[in-house]
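In C-alpha cells, the next block holds one chain alone, the form predicted on its own.
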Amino acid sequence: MNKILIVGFGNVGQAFFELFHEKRKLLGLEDTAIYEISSTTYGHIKNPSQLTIDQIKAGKLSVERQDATETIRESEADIVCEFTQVNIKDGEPASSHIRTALECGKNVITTNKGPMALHYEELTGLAMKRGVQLKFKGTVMAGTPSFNLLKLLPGAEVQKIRGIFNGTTNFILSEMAKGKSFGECLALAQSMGIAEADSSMDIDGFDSALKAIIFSKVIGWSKHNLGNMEIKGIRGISITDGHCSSVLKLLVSIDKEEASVKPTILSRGDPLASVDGVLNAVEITTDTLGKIISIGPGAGRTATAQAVMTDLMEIVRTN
C-alpha cells in the first residue's frame, strides 16, 4: 500500500485531495491512499480518506498540531506531497520539509517553486543518494506539459526555450489590448480571483523567473539564478506601451548562456503572440525536431492538482 502524507492543505492540497478520490479507481490506485494531512490551519489529520473537505475544515479527526517536519519523520507514509506557500528568499519551510522527507527515504512531490529554484542541485542530489524520487511538475505550467515533454525526446538537444509562464500578467496584457489601463486590468484580475491581493511576485516577473530557473536546471543549464538573470515585470506599464498588447507578452527566454524575463513585442505571426488570457505556453527548440509548442492552463487549483497526479502516477508505476 502506497501511503501519502499531504503537507499544506490550501487550494492545491484540497484540489489534489478531491481529484485523487475522483480518479482513484480510473487510474488503478486502489493500493494508494491519502494517509495523513499536516496543515497549519486544520491540524494533523490521520486517515482522512473517508472525510469530505468540509469535514476536514470542521476539524473532524484532527489531532493536536505539531511541526510538519516532525510529522514527516514520524509518518508511515512513503510519499510526501509538499504544498506550502512559496518563499522566494530561502524556500522555507518547504525546503526543510522536502529535505527531511528525502533523508527519511520518502518520495516527494512538490508544487513549490522556491525549493526547486533555489536548492535544485542539493535536493535532487539527496533524492538520488537516498534512492527515492523527487517530482515537481506542478512548479512550471501546472498540469500542462512543459519540461516533462523532454522525457519523450531521448537524445534531442534543447537549444532554446521561450515561454509565457505567468497567467496573471498574460491576462492583464490581453485586457490592455482592449484599451484599458494597467491599473484597471490588475483590479479586474484581482476581482476575478486571477490575481492575488498582493500580486507582486507575478507583476514584477519573479514568478516567471523562478519557473525559468527550474526549467533551465532540468535541462542542465545550471548557471541561471535570480542574481544573474534580467528580470523586468509589467508593473505600471502604460496604455501606450500596451497599445499593441495582443503581441506584448511577458516573455521568458532561455538558452545555455543567458536567461531573461521581460515584456517583449512579438510579431503577429509568432505562435506565442496568440496565447491570450490566463493561458501559458512554452516553445522548445531542439536539434532534431525544431520547435515544439505546448499551450494550456498554467495555474489554478485543478490544473495544479493534475500535475500532482502526473507525478504520483510516475512514482507508483516505478515503485
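Just so it is clear, the structure is predicted and the values come from calculations on it, not from any experiment. Numbering starts at 1 and follows the sequence shown.
Omitted from view is the form predicted in complex with a small molecule, to which the following refers.
Listed residues 216, 168, 144, 111 were compared with the small molecule in the predicted complex; 111 is the one with a heavy atom within 4.5 Å. Partner proximity in the predicted complex, defined as non-hydrogen atoms within 4.5 angstroms of the small molecule, places exactly one of 153-161, 77-85, 99-107, 217-225 at the interface: 77-85. Proximity of residue 280 to the small molecule in the predicted complex: non-hydrogen atoms within 4.5 Å are absent; the residue sits far from the partner. Contact annotation for residue 9: at least one heavy atom lies within 4.5 Å of the small molecule in the predicted complex. Contact check for residue 205: no non-hydrogen atom falls within 4.5 Å of the small molecule in the predicted complex. Interface residue remark: residue 300 is counted as part of the site for the small molecule in the predicted complex, having a heavy atom within 4.5 Å.
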